[in-house]
Structure formats: structure tokens, C-alpha cells
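Take a look at this single chain in C-alpha cells; it is the form predicted on its own.
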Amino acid sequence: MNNSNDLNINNKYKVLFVCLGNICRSPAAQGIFEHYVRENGLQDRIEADSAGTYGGHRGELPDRRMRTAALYRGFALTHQSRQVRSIDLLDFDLVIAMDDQNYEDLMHIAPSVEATHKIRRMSDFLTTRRMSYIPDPYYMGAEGFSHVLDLLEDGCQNLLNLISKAEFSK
């Protein structure tokens, strides 16, 4: 997982979570991941952000339903939506796509072959469920948001464990 990066001047390991609009899945993943990072005292070594492949929600807070469901579990989501840029694929050490379309969109904007090696699917980090993508809860009921949070909690914990082992156990 180690990709040295000239743009990463703060020497933190940087993770970017990406979904379509950056108002449900990716800001939830960011909030959950940052919570786990803080719980493990790694905030001076790991940084997270999120973005969307679609820029129509730029500047908005996460969807109210996702904020409510996440807050119920102790995760405060305060990120303001932004669109992913090709420079992000140089600046971040790992770029996590929530589904296949996000993955393909990221592969298309990657500025180099090396940058494509940083792109992974969130489903790669799931340990408790076998799924090929993180579903978009936007058109689902409360159960959809809860299901997505279950998946993201599992994936983010495993992701943090893998990063910690690969980056900080040397």
C-alpha cells in the first residue's frame, strides 16, 4: 500500500473515498474512517477526505438521512461535497471507489498508469459480507442507510488495520 508521493508533503498516509455525489457513501466512509483513526491515535499519521465523480452537489453537507443515521452510531459527518480531480489521484496514497461505475470513472481520470494502481474498491476491504460494491442508499429507506453504514464500518476498520500493518509496523 505504500506509494511514495512528492505531493504528499505532510508525510501522512492519505486516503480518498469516492462515490457519485459525495453526499452519502463517501462522506460516511470518511467520517467512519476518521473516527477509527482518532480512536487509534493515528490522526497525526493518517488523513482522509472524500469526493464525488459528479459535481452537482458541490459545497453541500452529506444527505440529511445519512447524517442522522451516522450520528445515531456516533459518527458526525461534516464534510462539504466536492468533485474528484485528476490531481487527487497523485496527491492521495489510496483512492477508494464505492462501486464499479465510480471505479471506472476514476480509472478514466487517472493522470498516469501509476495513479491507477492507487484505485481500489471499498468492497475489497469487507470482511463480514461478500458484496462487489457498496450500494447507494439515496433512493432506499432507512434500512438502506443502516445497511451501508454496516458495510462501511466493517470496510473502514479492515482498511485501517491493513494500512497500519503495512505502513506503521516497519
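All residue numbers are counted from 1 along the displayed sequence. All figures in this text were calculated on a predicted structure; none of them were measured in a lab.
There is also a form predicted together with a small molecule; it is not shown, and the following applies to it.
At a distance threshold of 4.5 angstroms between non-hydrogen atoms, D136 is in contact with the small molecule in the predicted bound form.
Within 4.5 Å of any heavy atom of the small molecule in the predicted bound form lies no heavy atom of V15. The small molecule in the predicted bound form comes within 4.5 Å of a heavy atom belonging to H57.
Heavy atoms of L159 never reach within 4.5 Å of the small molecule in the predicted bound form, leaving it off the interface. Note on the interface: of 120-128, 137-145, 39-47, 106-114, the segment with non-hydrogen atoms within 4.5 angstroms of the small molecule in the predicted bound form is 137-145.
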